[in-house]
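A single chain comes next, written as structure tokens; it is the form predicted alone.
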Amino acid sequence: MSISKIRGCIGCGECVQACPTDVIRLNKSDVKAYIAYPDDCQMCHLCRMSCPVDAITISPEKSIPVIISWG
């Protein structure tokens, strides 16, 4: 299992709160977010959309189109 750091993270925790599958955690030593369980990520984009500094990017080969339901 690989752990990916989120570059540009300010440690606000918004992505951790937004993640429905609990794959993002805050590192206790530097208070920065990291992806602890990348294989469990469902590519919902909620972490990316909640990040106030756009620190999270989802690579195009793993991304699926965002579908927003109105109704």
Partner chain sequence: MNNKSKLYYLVPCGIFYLAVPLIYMIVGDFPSRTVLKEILSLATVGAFFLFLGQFYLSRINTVTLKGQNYSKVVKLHKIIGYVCIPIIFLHPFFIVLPRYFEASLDPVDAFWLILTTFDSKGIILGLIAMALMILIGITAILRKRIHMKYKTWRTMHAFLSLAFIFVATWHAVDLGRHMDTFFSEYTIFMSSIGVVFLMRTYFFNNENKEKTHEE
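Residue numbers count along the first chain shown, from 1. Note that the coordinates shown come from a computational prediction; the quantities given were computed from them, not determined experimentally.
The form predicted together with the partner chain is left out here; the points below concern that form.
A.B. asks: Please tell me whether the candidate spot formed by K32, V53 and T57 is one where all three residues come within 4.5 Å of the partner chain in the model of the complex (heavy atoms).
C.D. replies: Contact check passed for all of K32, V53 and T57.
A.B. asks: So in the model of the complex, does C19 come within 4.5 Å of the partner chain, heavy atom to heavy atom?
C.D. replies: No, C19 is distant from the partner.
A.B. asks: Flag R48 as yes or no: does it have a non-hydrogen atom within 4.5 angstroms of any non-hydrogen atom of the partner chain in the model of the complex?
C.D. replies: The answer is yes: R48 has a heavy atom within 4.5 Å of the partner chain.
A.B. asks: Quick check on C9: any heavy atom within 4.5 Å of the partner chain in the model of the complex?
C.D. replies: Result yes; C9 sits at the interface with the partner chain in the model of the complex.
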